[in-house]
Structures are given as C-alpha cells and as structure tokens.
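Shown next as structure tokens: one chain only, the form predicted alone.
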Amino acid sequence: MKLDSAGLQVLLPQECMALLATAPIGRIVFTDRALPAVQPVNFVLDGTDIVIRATVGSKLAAATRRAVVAFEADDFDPQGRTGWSVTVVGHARAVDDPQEAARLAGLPLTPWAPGERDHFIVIAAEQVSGRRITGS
C-alpha cells in the first residue's frame, strides 16, 4: 500500500473507478466566463467515461463542450474518520450522435433536478487519482 506525504493511501486507477461507481453524486469543475465553477451532479459510469445529463441550453452544457474539466466524488464517515476521494480530469464532450444518445438514455441515470435533461455530457477519464483515509 502506497502512502502520500500526508499519510493517506494512494489508490490505483481501477480502485478509483470502482469507488466512483458507488457514489450517487459528484462535482464537476469547469470554467465559466474565465472563472472556475463547481456544480454537483448525479452521474453514471459508462466503462471509464463519466456520463451526466443536462439541459440543452444550460450553462453546464455550454461550458463543458470540448473543454478540459475535473470531476470529483467522495464518501466519508466523520465518526469513524474514514473515507475516500477520487478526482478525474479529462475532456468533456456533448453527445450529438442520436444512436449514442439513445444508448446512454438506457443507462441507470435518472436526473435528480427538475426539468428535461435530455442532453448528455461525457467526460473521458484521462487522469484518475484518489486517496483513502482509514482512520486513526
């Protein structure tokens, strides 16, 4: 088990992806008018790609088109002082192909926010890193 300089367990990419698959909510980090923006989203994994549903004209949909974004999800037990955090960096793309959109619509991804969310954003996991704290 490899530890970082803070004593946290460094997770392997496949461990990171397995943990991401268990998280119902993550945070996407993107640029909005030259400033960093963070938005919580529900998501699903499609292999190693992160899939998010958005409204077609939303700020998120516009800002992530062909952009490099970060995505983070975590889980913590404050009483046990245990938890993990996973960060993914990669290019986001809007799904324009009707066949791909139909396939993605079949994934178990039901938006939590109200309104129509029939626009798919896919983030390619190009850099994956994670840490785990196992308690004192």
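This one's a predicted model, so the numbers in the text were calculated from it and none came from an experiment. The numbering used is simple: start at 1 and walk along the sequence shown.
Quick note: we don't show the form predicted in complex with another copy of the chain, though the next part is all about it.
In the predicted complex, another copy of the chain sits beyond 4.5 Å of every heavy atom of Gln99. Residue contact with another copy of the chain in the predicted complex: Glu72 places a heavy atom within 4.5 Å of it.
Although the partner is absent from this view, Ala105 stays clear of another copy of the chain in the predicted complex, with no non-hydrogen atom inside 4.5 angstroms. Proximity of Thr48 to another copy of the chain in the predicted complex: non-hydrogen atoms within 4.5 Å are absent; the residue sits far from the partner.
Taking another copy of the chain as it sits in the predicted complex, the stretch 71-95 comes within 4.5 angstroms of it through a non-hydrogen atom at Glu72, Asp74, Phe76, Asp77, Pro78, Arg81, Thr82, Ser85, Thr87, Val89.
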